[in-house]
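First comes one chain, alone, set out as C-alpha coordinates in the form predicted alone.
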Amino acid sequence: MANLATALEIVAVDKVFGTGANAAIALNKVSFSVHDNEFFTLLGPSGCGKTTLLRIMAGFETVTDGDVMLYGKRLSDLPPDKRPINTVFQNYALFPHLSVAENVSFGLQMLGRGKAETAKRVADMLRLVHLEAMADRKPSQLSGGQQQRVALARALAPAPKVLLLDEPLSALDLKLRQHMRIELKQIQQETGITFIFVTHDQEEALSMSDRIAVMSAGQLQQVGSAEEIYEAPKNRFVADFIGETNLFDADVISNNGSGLRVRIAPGMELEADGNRPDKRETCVSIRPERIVIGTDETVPCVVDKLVYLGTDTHYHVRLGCGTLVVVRAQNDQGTKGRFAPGDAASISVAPGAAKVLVD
(Lines give C-alpha, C1' and ligand atoms only; values in the text may rest on other atoms or scores of the structure.)
Protein backbone atom coordinates (compact mmCIF):
# COMPACT_ATOMS: atom_id res chain seq x y z
CA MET A 1 0.00 0.00 0.00
CA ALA A 2 2.92 2.32 -0.78
CA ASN A 3 2.35 6.00 -1.63
CA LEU A 4 -1.23 6.02 -0.30
CA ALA A 5 -2.52 9.20 1.33
CA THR A 6 -2.61 9.20 5.11
CA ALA A 7 -6.10 9.72 6.50
CA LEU A 8 -5.43 9.58 10.22
CA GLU A 9 -2.18 9.58 12.19
CA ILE A 10 -1.65 8.69 15.83
CA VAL A 11 1.53 10.39 17.02
CA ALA A 12 3.21 9.11 20.23
CA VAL A 13 -0.08 9.07 22.13
CA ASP A 14 -0.03 8.53 25.88
CA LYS A 15 -3.14 8.21 28.03
CA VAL A 16 -2.98 8.06 31.82
CA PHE A 17 -6.06 7.83 34.02
CA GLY A 18 -5.69 9.15 37.56
CA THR A 19 -2.64 10.66 39.22
CA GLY A 20 0.11 9.71 41.61
CA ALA A 21 -0.19 6.27 43.17
CA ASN A 22 -3.58 5.81 41.50
CA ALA A 23 -2.30 6.51 37.98
CA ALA A 24 -3.12 3.84 35.40
CA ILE A 25 -1.38 3.86 32.01
CA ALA A 26 -3.91 3.04 29.29
CA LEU A 27 -1.74 3.95 26.28
CA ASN A 28 2.02 4.18 26.09
CA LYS A 29 3.64 6.02 23.14
CA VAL A 30 1.30 4.57 20.50
CA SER A 31 2.09 5.67 16.94
CA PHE A 32 0.71 4.50 13.58
CA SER A 33 -1.01 5.86 10.48
CA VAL A 34 -4.20 4.83 8.68
CA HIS A 35 -4.40 5.10 4.91
CA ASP A 36 -7.19 6.88 3.07
CA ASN A 37 -10.06 4.50 2.13
CA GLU A 38 -8.59 1.73 4.27
CA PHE A 39 -10.34 -0.84 6.46
CA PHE A 40 -8.03 -0.66 9.48
CA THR A 41 -8.53 -2.75 12.61
CA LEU A 42 -7.38 -2.29 16.20
CA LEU A 43 -7.08 -5.80 17.61
CA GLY A 44 -6.28 -6.93 21.11
CA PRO A 45 -7.64 -8.46 24.32
CA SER A 46 -9.94 -6.64 26.73
CA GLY A 47 -8.13 -3.86 28.56
CA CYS A 48 -5.36 -3.42 25.97
CA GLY A 49 -6.32 0.22 25.23
CA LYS A 50 -7.99 -0.15 21.83
CA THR A 51 -11.35 1.35 22.86
CA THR A 52 -9.61 4.17 24.75
CA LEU A 53 -7.70 4.94 21.55
CA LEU A 54 -10.92 4.91 19.53
CA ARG A 55 -12.54 7.32 22.01
CA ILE A 56 -9.53 9.63 21.66
CA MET A 57 -9.98 9.63 17.87
CA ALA A 58 -13.67 10.45 18.31
CA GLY A 59 -12.95 13.21 20.84
CA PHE A 60 -14.64 11.53 23.81
CA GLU A 61 -11.26 11.26 25.60
CA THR A 62 -8.29 13.62 25.59
CA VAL A 63 -4.66 12.59 25.23
CA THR A 64 -2.22 12.92 28.11
CA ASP A 65 0.54 13.45 25.57
CA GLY A 66 0.94 13.08 21.82
CA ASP A 67 -1.38 14.08 19.02
CA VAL A 68 -4.03 12.91 16.56
CA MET A 69 -3.91 14.19 12.99
CA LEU A 70 -6.64 13.93 10.34
CA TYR A 71 -5.42 14.60 6.81
CA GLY A 72 -2.56 16.64 8.28
CA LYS A 73 -4.68 18.73 10.67
CA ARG A 74 -4.58 18.46 14.46
CA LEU A 75 -7.70 17.02 16.04
CA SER A 76 -6.70 17.18 19.69
CA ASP A 77 -8.32 20.58 20.34
CA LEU A 78 -11.55 19.87 18.44
CA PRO A 79 -14.69 18.68 20.29
CA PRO A 80 -16.47 15.56 18.98
CA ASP A 81 -19.17 17.46 17.08
CA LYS A 82 -16.55 19.45 15.15
CA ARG A 83 -14.69 16.37 13.90
CA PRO A 84 -15.57 14.84 10.50
CA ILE A 85 -15.67 11.46 12.25
CA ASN A 86 -18.66 9.30 13.20
CA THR A 87 -18.89 6.29 15.52
CA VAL A 88 -20.94 3.09 15.48
CA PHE A 89 -21.20 1.92 19.07
CA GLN A 90 -21.39 -1.61 20.44
CA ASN A 91 -24.98 -1.10 21.63
CA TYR A 92 -25.98 0.82 18.43
CA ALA A 93 -27.48 3.74 20.51
CA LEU A 94 -30.55 4.07 18.28
CA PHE A 95 -33.38 6.42 19.29
CA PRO A 96 -36.23 4.04 20.26
CA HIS A 97 -39.02 6.57 19.64
CA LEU A 98 -37.88 7.35 16.09
CA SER A 99 -38.43 5.28 12.95
CA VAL A 100 -35.57 3.80 10.97
CA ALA A 101 -35.69 6.66 8.48
CA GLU A 102 -35.84 9.25 11.27
CA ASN A 103 -32.85 7.67 13.00
CA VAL A 104 -30.84 7.85 9.77
CA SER A 105 -31.87 11.45 9.09
CA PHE A 106 -31.12 12.72 12.60
CA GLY A 107 -27.47 13.63 11.99
CA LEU A 108 -28.30 15.33 8.69
CA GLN A 109 -30.95 17.48 10.39
CA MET A 110 -28.46 18.49 13.09
CA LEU A 111 -26.15 19.63 10.30
CA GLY A 112 -28.93 21.77 8.83
CA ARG A 113 -29.31 19.84 5.58
CA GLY A 114 -32.41 20.62 3.51
CA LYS A 115 -35.44 18.32 3.40
CA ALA A 116 -34.92 17.19 -0.19
CA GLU A 117 -31.20 16.52 0.33
CA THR A 118 -31.93 14.68 3.58
CA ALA A 119 -34.66 12.53 2.04
CA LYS A 120 -32.42 11.52 -0.86
CA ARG A 121 -29.48 10.74 1.41
CA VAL A 122 -31.65 8.65 3.75
CA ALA A 123 -33.01 6.68 0.79
CA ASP A 124 -29.49 6.11 -0.51
CA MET A 125 -28.25 4.90 2.88
CA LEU A 126 -31.19 2.55 3.45
CA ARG A 127 -30.64 1.11 -0.01
CA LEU A 128 -26.94 0.65 0.80
CA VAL A 129 -27.75 -1.41 3.93
CA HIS A 130 -30.75 -3.20 2.32
CA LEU A 131 -33.39 -1.73 4.64
CA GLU A 132 -35.60 0.20 2.21
CA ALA A 133 -38.67 -1.79 3.28
CA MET A 134 -38.01 -1.09 6.99
CA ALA A 135 -37.98 2.73 6.79
CA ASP A 136 -41.13 3.22 8.92
CA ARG A 137 -40.39 0.62 11.58
CA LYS A 138 -39.14 1.40 15.10
CA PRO A 139 -35.87 -0.15 16.37
CA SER A 140 -37.83 -2.49 18.67
CA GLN A 141 -39.40 -4.06 15.59
CA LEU A 142 -36.02 -4.99 14.11
CA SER A 143 -33.63 -7.89 14.61
CA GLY A 144 -30.15 -7.32 16.04
CA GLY A 145 -28.61 -7.43 12.59
CA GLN A 146 -31.12 -4.94 11.22
CA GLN A 147 -30.47 -2.56 14.12
CA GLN A 148 -26.78 -2.80 13.39
CA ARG A 149 -27.45 -1.80 9.78
CA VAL A 150 -29.52 1.20 10.90
CA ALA A 151 -26.71 2.38 13.16
CA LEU A 152 -24.28 2.00 10.28
CA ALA A 153 -26.56 3.92 7.86
CA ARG A 154 -27.02 6.72 10.42
CA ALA A 155 -23.26 7.04 10.91
CA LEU A 156 -22.58 7.02 7.16
CA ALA A 157 -25.33 9.47 6.19
CA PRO A 158 -23.31 12.68 6.86
CA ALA A 159 -20.43 11.24 4.77
CA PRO A 160 -17.75 11.39 7.49
CA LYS A 161 -14.12 11.22 6.48
CA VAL A 162 -13.53 8.43 9.00
CA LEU A 163 -15.97 5.93 10.52
CA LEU A 164 -15.11 4.38 13.88
CA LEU A 165 -16.69 1.02 14.77
CA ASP A 166 -16.47 -0.12 18.40
CA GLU A 167 -17.05 -3.91 18.37
CA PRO A 168 -20.40 -3.47 16.55
CA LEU A 169 -20.83 -7.21 15.84
CA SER A 170 -20.23 -8.54 19.35
CA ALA A 171 -23.94 -8.82 20.25
CA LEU A 172 -24.83 -10.85 17.16
CA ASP A 173 -24.90 -14.64 16.89
CA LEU A 174 -22.13 -16.45 15.02
CA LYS A 175 -23.88 -16.89 11.66
CA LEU A 176 -25.03 -13.28 11.58
CA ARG A 177 -21.59 -12.02 12.60
CA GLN A 178 -20.05 -13.95 9.72
CA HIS A 179 -22.59 -12.50 7.28
CA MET A 180 -22.16 -8.95 8.58
CA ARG A 181 -18.38 -9.15 8.17
CA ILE A 182 -18.88 -9.58 4.44
CA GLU A 183 -21.43 -6.75 4.31
CA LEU A 184 -19.28 -4.34 6.32
CA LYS A 185 -16.30 -4.87 4.06
CA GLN A 186 -18.48 -4.44 0.96
CA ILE A 187 -20.03 -1.22 2.33
CA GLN A 188 -16.60 0.19 3.13
CA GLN A 189 -15.43 -0.52 -0.41
CA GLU A 190 -18.59 0.97 -1.95
CA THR A 191 -18.48 4.19 0.08
CA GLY A 192 -14.71 4.69 -0.01
CA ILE A 193 -14.82 5.92 3.60
CA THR A 194 -11.94 5.05 5.91
CA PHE A 195 -13.12 2.50 8.50
CA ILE A 196 -11.34 2.00 11.83
CA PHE A 197 -12.71 -1.12 13.48
CA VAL A 198 -12.12 -2.25 17.08
CA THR A 199 -12.39 -5.94 17.99
CA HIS A 200 -10.92 -8.64 20.22
CA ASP A 201 -11.94 -11.30 17.66
CA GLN A 202 -8.98 -12.44 15.55
CA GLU A 203 -11.21 -14.01 12.87
CA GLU A 204 -13.08 -10.73 12.39
CA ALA A 205 -9.81 -8.85 12.03
CA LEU A 206 -8.24 -11.34 9.62
CA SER A 207 -11.32 -11.62 7.40
CA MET A 208 -12.10 -7.90 6.91
CA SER A 209 -9.00 -5.77 7.38
CA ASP A 210 -6.62 -4.22 4.89
CA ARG A 211 -4.23 -3.83 7.82
CA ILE A 212 -4.31 -4.71 11.51
CA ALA A 213 -2.73 -3.05 14.54
CA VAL A 214 -2.23 -5.58 17.33
CA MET A 215 -2.22 -4.06 20.83
CA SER A 216 -1.38 -5.37 24.28
CA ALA A 217 -1.22 -3.61 27.65
CA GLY A 218 -1.47 -0.15 26.09
CA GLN A 219 1.33 -0.71 23.60
CA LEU A 220 1.40 -1.30 19.87
CA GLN A 221 2.86 -4.73 19.11
CA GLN A 222 2.72 -4.95 15.30
CA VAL A 223 1.01 -3.36 12.29
CA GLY A 224 0.59 -5.22 9.01
CA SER A 225 -1.73 -7.00 6.63
CA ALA A 226 -3.64 -10.04 7.83
CA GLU A 227 -1.13 -12.29 6.08
CA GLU A 228 1.87 -10.47 7.56
CA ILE A 229 0.46 -10.60 11.08
CA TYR A 230 -0.38 -14.29 10.82
CA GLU A 231 2.59 -15.58 8.82
CA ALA A 232 5.33 -13.35 10.25
CA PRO A 233 4.48 -12.36 13.84
CA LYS A 234 7.13 -10.16 15.39
CA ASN A 235 6.94 -11.38 18.96
CA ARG A 236 5.54 -14.03 21.28
CA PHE A 237 2.37 -12.07 22.08
CA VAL A 238 1.35 -11.59 18.43
CA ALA A 239 2.11 -15.21 17.52
CA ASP A 240 0.12 -16.50 20.48
CA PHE A 241 -2.82 -14.09 20.17
CA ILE A 242 -3.40 -14.38 16.42
CA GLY A 243 -4.83 -17.80 15.62
CA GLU A 244 -3.17 -20.84 17.18
CA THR A 245 0.49 -21.66 17.40
CA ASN A 246 3.11 -23.83 19.03
CA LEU A 247 5.73 -21.80 20.91
CA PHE A 248 9.08 -23.42 21.60
CA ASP A 249 12.11 -22.20 23.55
CA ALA A 250 14.81 -23.34 21.14
CA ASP A 251 18.57 -23.68 21.20
CA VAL A 252 20.40 -21.95 18.33
CA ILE A 253 22.72 -24.38 16.54
CA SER A 254 23.90 -22.14 13.72
CA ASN A 255 23.18 -18.76 12.13
CA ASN A 256 23.54 -18.09 8.40
CA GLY A 257 22.64 -14.39 8.69
CA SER A 258 19.05 -14.64 7.46
CA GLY A 259 17.85 -17.73 9.29
CA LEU A 260 18.74 -20.05 12.12
CA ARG A 261 19.07 -23.75 12.57
CA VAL A 262 17.48 -24.52 15.91
CA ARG A 263 16.81 -27.48 18.18
CA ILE A 264 13.32 -27.36 19.70
CA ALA A 265 13.53 -30.84 21.26
CA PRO A 266 16.00 -33.74 21.32
CA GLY A 267 16.06 -35.19 17.83
CA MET A 268 14.03 -32.32 16.38
CA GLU A 269 16.22 -29.79 14.55
CA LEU A 270 14.98 -27.50 11.77
CA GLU A 271 15.56 -24.30 9.84
CA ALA A 272 13.73 -21.23 11.18
CA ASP A 273 13.08 -17.96 9.35
CA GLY A 274 14.48 -14.92 11.16
CA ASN A 275 17.64 -13.83 12.87
CA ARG A 276 18.78 -13.33 16.47
CA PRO A 277 22.41 -12.15 16.30
CA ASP A 278 24.64 -13.48 19.06
CA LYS A 279 21.80 -15.38 20.72
CA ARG A 280 22.18 -18.95 21.92
CA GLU A 281 18.50 -19.34 22.70
CA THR A 282 15.39 -18.03 20.99
CA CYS A 283 11.63 -18.48 20.75
CA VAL A 284 10.18 -20.21 17.69
CA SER A 285 6.56 -20.25 16.50
CA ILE A 286 5.10 -23.05 14.35
CA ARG A 287 1.44 -23.01 13.31
CA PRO A 288 -0.40 -26.33 13.92
CA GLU A 289 -1.53 -26.60 10.28
CA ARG A 290 2.13 -26.50 9.15
CA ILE A 291 2.94 -29.72 11.00
CA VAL A 292 2.24 -33.07 9.32
CA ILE A 293 1.18 -36.09 11.35
CA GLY A 294 1.58 -39.63 10.05
CA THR A 295 3.39 -42.89 10.66
CA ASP A 296 6.45 -42.29 8.50
CA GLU A 297 7.41 -38.71 9.41
CA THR A 298 10.73 -37.76 11.04
CA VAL A 299 9.99 -37.25 14.76
CA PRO A 300 8.28 -40.03 16.80
CA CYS A 301 5.43 -39.06 19.11
CA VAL A 302 2.39 -40.43 20.91
CA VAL A 303 -1.13 -39.02 20.51
CA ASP A 304 -2.12 -37.53 23.87
CA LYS A 305 -5.63 -36.37 22.93
CA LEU A 306 -7.59 -35.08 19.97
CA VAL A 307 -10.24 -32.42 19.42
CA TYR A 308 -12.63 -32.99 16.50
CA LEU A 309 -13.72 -29.69 14.89
CA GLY A 310 -15.62 -30.86 11.81
CA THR A 311 -13.43 -29.55 9.01
CA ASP A 312 -10.28 -30.59 10.86
CA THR A 313 -8.94 -32.36 13.92
CA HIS A 314 -6.45 -31.00 16.43
CA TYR A 315 -4.04 -33.68 17.61
CA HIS A 316 -2.16 -33.03 20.86
CA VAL A 317 0.93 -35.20 20.57
CA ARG A 318 3.78 -35.72 23.01
CA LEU A 319 7.38 -36.15 21.93
CA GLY A 320 9.72 -38.59 23.66
CA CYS A 321 11.18 -35.77 25.80
CA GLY A 322 7.72 -34.82 27.02
CA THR A 323 7.26 -31.74 24.80
CA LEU A 324 3.62 -31.25 23.78
CA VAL A 325 2.89 -30.27 20.15
CA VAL A 326 -0.48 -29.37 18.61
CA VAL A 327 -1.07 -30.55 15.02
CA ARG A 328 -4.00 -29.51 12.85
CA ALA A 329 -5.06 -32.02 10.17
CA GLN A 330 -7.83 -31.63 7.59
CA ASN A 331 -10.57 -34.24 7.89
CA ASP A 332 -10.39 -35.59 4.37
CA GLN A 333 -10.76 -39.28 3.60
CA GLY A 334 -7.05 -39.86 4.09
CA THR A 335 -6.83 -38.57 7.67
CA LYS A 336 -10.27 -38.72 9.30
CA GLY A 337 -10.17 -40.88 12.40
CA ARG A 338 -6.72 -42.25 11.61
CA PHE A 339 -5.26 -41.65 15.08
CA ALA A 340 -6.68 -42.11 18.55
CA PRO A 341 -5.32 -41.26 22.03
CA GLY A 342 -2.44 -43.57 22.86
CA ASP A 343 -1.51 -44.28 19.24
CA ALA A 344 2.12 -44.12 18.17
CA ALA A 345 2.67 -41.63 15.33
CA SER A 346 5.30 -39.22 14.01
CA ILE A 347 5.41 -35.61 12.88
CA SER A 348 7.39 -33.36 10.55
CA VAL A 349 7.43 -29.59 10.02
CA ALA A 350 6.74 -28.05 6.62
CA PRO A 351 9.60 -25.99 5.10
CA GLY A 352 9.43 -22.32 6.09
CA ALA A 353 6.93 -22.99 8.89
CA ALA A 354 9.20 -22.16 11.83
CA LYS A 355 9.44 -18.44 12.64
CA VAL A 356 11.97 -16.85 14.98
CA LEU A 357 10.32 -14.35 17.35
CA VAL A 358 11.96 -11.21 18.69
CA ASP A 359 10.84 -11.93 22.26
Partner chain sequence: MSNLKRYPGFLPMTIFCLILLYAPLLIVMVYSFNESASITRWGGFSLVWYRDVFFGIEAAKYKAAAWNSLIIAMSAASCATVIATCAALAMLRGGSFTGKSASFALINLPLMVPEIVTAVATLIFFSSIGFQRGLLTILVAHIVFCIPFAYLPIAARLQGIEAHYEQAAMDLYASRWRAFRLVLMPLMMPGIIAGFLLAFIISLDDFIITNFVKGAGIETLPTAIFGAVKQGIKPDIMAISTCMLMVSVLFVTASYFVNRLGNQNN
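Residue numbers count along the first chain shown, from 1. What you are looking at is a predicted structure, and each value in this text was computed from that prediction instead of being measured. In this text, rigid core is short for the largest set of C-alphas that superpose within 1.5 Å between two forms.
Separately, the form predicted in complex with the partner chain exists; it is not shown, and the next lines address it.
>> Partner absent here, but in the model of the complex, which of 105-113, 167-175, 180-188, 195-203 has residues with a heavy atom within 4.5 Å of the partner chain?
In response: The contacting stretch is 105-113.
> Just one of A58, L319, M69, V303 has a heavy atom within 4.5 angstroms of the partner chain in the model of the complex, so which one?
Replying inline: If I apply the 4.5 Å criterion carefully, the residue I get is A58.
> Can you pick the one in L94, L270, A226, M134 that has a heavy atom within 4.5 Å of the partner chain in the model of the complex?
Replying inline: Filtering the options by heavy-atom distance leaves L94.
> Is every one of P80, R83 and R154 in contact with the partner chain in the model of the complex, taking contact as a heavy atom within 4.5 Å?
Replying inline: Verified in the model of the complex; spot residues all in contact, yes.
> Does at least one non-hydrogen atom of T87 fall within 4.5 angstroms of the partner chain in the model of the complex?
Replying inline: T87: contacts the partner chain in the model of the complex.
> Does the partner chain get within 4.5 angstroms of any non-hydrogen atom of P288 in the model of the complex?
Replying inline: Answer no; every heavy atom of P288 is more than 4.5 Å from the partner chain in the model of the complex.
> So in the model of the complex, does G274 come within 4.5 Å of the partner chain, heavy atom to heavy atom?
Replying inline: So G274 does not count as contacting the partner chain.
>> Although the partner isn't part of this model, could you tell me whether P158 comes within 4.5 Å of the partner chain in the model of the complex, counting any heavy atom of the residue?
In response: The answer is yes: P158 has a heavy atom within 4.5 Å of the partner chain.
>> Quick check on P139: with the core superposed, does its CA move 2 angstroms or more between this form and the one not shown?
In response: Yes, its C-alpha moves 2 Å or more.
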